[in-house]
Every structure is written in C-alpha cells, then in structure tokens.
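Single chain ahead, by itself, as structure tokens, in the form predicted on its own.
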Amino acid sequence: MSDTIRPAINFKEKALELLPEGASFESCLTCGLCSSGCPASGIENMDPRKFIRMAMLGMDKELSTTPWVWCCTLCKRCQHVCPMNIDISQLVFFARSNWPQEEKPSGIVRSCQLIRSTDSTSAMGLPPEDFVFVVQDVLEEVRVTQPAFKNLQAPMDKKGAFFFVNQNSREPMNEPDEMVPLWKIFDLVGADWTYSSKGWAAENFCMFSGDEEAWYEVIKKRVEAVKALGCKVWLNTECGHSYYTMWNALHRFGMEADFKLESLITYYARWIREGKLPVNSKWNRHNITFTVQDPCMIVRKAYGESIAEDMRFVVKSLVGEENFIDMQPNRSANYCCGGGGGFLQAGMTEHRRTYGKRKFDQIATTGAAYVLTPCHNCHSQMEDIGHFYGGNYGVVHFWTLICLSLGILGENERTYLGPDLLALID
C-alpha cells in the first residue's frame, strides 16, 4: 500500500447517515449476525461487524486502506440478516470510491476502461461493428447447418421491437455458439426482439470500481440506445449484476427511462405457464439431479422472492420436481458465491476461493450433479471453486437446459453438458 494521500472519509458520519430510523449502533455491535452470515468474514482479518466497530471508533485511515473492501462482494446478505437493516455494503462502496485509481484492482479498472472505450459498453472492448459481424456470422452458420432453423432471426437495430435484449460479452467474444439457444427460444415463443449495435453489452464493472461518474456514463449510453430504438422492455438475459447496475443507477442518478426493466427468468416462467415453451422433464430419464444458485444481484438485491420462485418453477419444469434439490439456505437468504462485486476481475484468487468455500460446501451437500444459474459471474465462480475443491458437479445455463428439453440443442451448443447429459441427447 502506497502513502498516497486520500480524501478523508468520515466513516462514522456515513454510517450514521445510513442508519435506519429507530436503529442503534450500540445494539448493532453486540449482534454479529452480519459476520456469521458473511463468507468474507475473516479474510484480511476483517468482517462486517468489525468494519462497523472501526467506523464508530473513527478508524478512517484503516477502513480507507484495507484490501477487504475488494473481497466484500457487496451482496447485501449482511443487511438481509440484520435486525436493523443496516446497509454495510454502502460503506464498503464509499471506501472503494476513495481508493486512488492506480491502486484499485487493475482487472476491475481495466474492465471499466474497456466498457467506456466503445459504444458497445462491452467490458471486453468488443466494438459495435465486431458484435454485428459475430452475430451475423453465427446466425448464418446455424441456418446452414441446422435445417430446422433455416429461417432463424437475430435482429439488429430493429426499431419498435418490444424487447431490447442485452448480451454478456463473454458469448460474442469467447463462446458465440452460446447465443444460439437464446435465439431459438425467442423464435419458438414468437418474441418481438432486437439486439442493438450500441449499448448491447450487459456487464458494468464501473459500479464495482466505485467510480460513480463512469457508472453513470455507461448507463446513460444504454438508456439512450434503448430510447433510440423505441423498445418497450430492456430485457436482461442470464447475467446477474447487469440488471442491478441498470436498475440501481436509474434510481440513484434520477435518470428517466420510458421503458421497463425485466429479467428473462420471469419470461421463461411466463412462457412455460402459457404453453409457449412446451418444456417437460421426460428427457431426464436417468433422474439426474440439479440445484439452483440464486444470484444476489437479481434476487436479494432486486426482485426478491418472486424471481426466486420463478427460477424454481422453471427448474422443476425442466428436470422434474423429484430431481431438484434446493441449497440451504436459499432464495434471498442464499450465500453469495464470491464471483460478484468484481471479485473475479480483482486478481485476488486465493481470497476469492476462500470466500467461495462456503458456496462449494452448500453445493456439495445437495449432492446435485449440476447447478443452474442465470448469472455469468456465478457460473464462472462455481466452475472454478468446483475444480479447485474437487467437486463433481457441472454448471449450466438455463437456455441450454431449455433447448435440451425441447430437443433443439445444436452440437456446438453443448459446452457445459457432462457425459451423463450428452448421453440423453438422441
């Protein structure tokens, strides 16, 4: 840690501003529920309760310099279990914002810089013209190699479309075939949708870097892209934090949006209930078991129990209720996996895996063969800790299992299927 002089933050003052009416930090300091329920507790000799105690003692320099603020994933589980609903994650966010840019984790800073570098707002720096090329190239290949989808569409910059669909940059950059199951689902249900060549990317590490100006700039580009096409719904696909960064920014910065923010999970559930997605669990004739990870960003921090219930409805419809094993705890009380908050990009691998051990133990206890999650950071983190701790589970996207159930999963779209699932494909 350098001796860079940082603007002073009065953490006690900030903490008191965040204190809910009728609450007291005197009671807070004797409880400990936040620390017992936080997977980051103990890392860098810090935990949520200790963070608050140090704030009350005026230890501003220590709180402004502890690397623990980059190990906290801002998942808000501490607030969820707190009897007084104290938002410790906001104090952590203030601390992050106070770090000099050159001392912040370079991976998070670089991702934010790349997001700002093109009109795509892609954390991998993929420019609009390259995104358009990749989509068109993959679409043409599907039309040629999969006769049932010779008329498949992946609209680009379609004005007046109902859905403005975002996409995590990982697909067009590294796994382009993973976009195809989503297109097939839209085709099957007759969705009126479009990508945009601008503002299409889902991820936003500027928020995680604590740079509010950059966070605002990115969201402004995305809002303008939706407005330019006149879409009614900004549809968040299987990427957890992208929804929260958009939803939170609109409120935080008082931004106007003449469109709704929705999650694809709620539409999966709706389309299954309406019969537009005629999935069933008959394909799972070997009774392969599944569990589901509740992404903090769309469950605990945004929709709450409603989307958690939709997820479970979709999973049970896909694999059979008897083949679903829930993690404990679950829904809004579920533990963060350790992939969020920029942790995957922070370069703190040992700390991240230490954090993730609680999630690994949760998954292992279920005995499930696969974890389903609608979140790229969760997906990457649970794969990594599974390999690191010697787990025997796979991690699968919802769109993969939906298309598997429908019998329309192409050969190039099976990356995350293990031998047991591959054996069930006719």
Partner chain sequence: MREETRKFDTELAVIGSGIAGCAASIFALNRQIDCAQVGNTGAVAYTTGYLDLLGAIEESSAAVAKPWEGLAQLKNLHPDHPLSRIPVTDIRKGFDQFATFLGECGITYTAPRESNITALTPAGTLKKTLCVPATMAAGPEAFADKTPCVIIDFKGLKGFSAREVVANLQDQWPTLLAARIIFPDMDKGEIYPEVMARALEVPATRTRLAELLREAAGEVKVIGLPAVLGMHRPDHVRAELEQLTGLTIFEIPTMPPSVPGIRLREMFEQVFPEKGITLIPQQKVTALSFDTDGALLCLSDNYGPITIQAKAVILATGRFLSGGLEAHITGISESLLDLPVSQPPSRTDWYRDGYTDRRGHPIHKAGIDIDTSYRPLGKNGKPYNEHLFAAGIILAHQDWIRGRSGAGIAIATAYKAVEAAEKFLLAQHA
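None of the values given here were measured: they were computed from a predicted structure. Residue numbers count along the first chain shown, from 1.
What comes next is about the form predicted together with its partner chain, which does not appear here.
Candidate site formed by Pro67, Lys104 and Ala214: none of these residues places a non-hydrogen atom within 4.5 angstroms of its partner chain in the predicted complex.
Note on contacts: among Asn151, Gln328, Asn174, Asn287, the single residue with a heavy atom within 4.5 Å of its partner chain in the predicted complex is Gln328.
Checked against its partner chain in the predicted complex, the candidates Tyr335, Trp283, Phe186, Phe94 yield a single residue with a heavy atom inside 4.5 Å, and that residue is Tyr335. In short, of 392 to 400, 357 to 365, 59 to 67, 379 to 387 it is 357 to 365 that has heavy atoms within 4.5 Å of its partner chain in the predicted complex. Residue contact check for Gln79: one or more of its heavy atoms lie within 4.5 Å of its partner chain in the predicted complex. Among residues of the shown chain, Phe205 is not one whose heavy atoms approach its partner chain to within 4.5 Å in the predicted complex. Within 4.5 Å of any heavy atom of its partner chain in the predicted complex lies no heavy atom of Thr349. The shortest heavy atom separation between Leu261 and its partner chain in the predicted complex is within 4.5 Å.
Residues from 227 to 255 that approach its partner chain in the predicted complex with a non-hydrogen atom closer than or equal to 4.5 Å are Tyr243, Trp247, Leu250, His251, Met255, in the order they occur in the chain.
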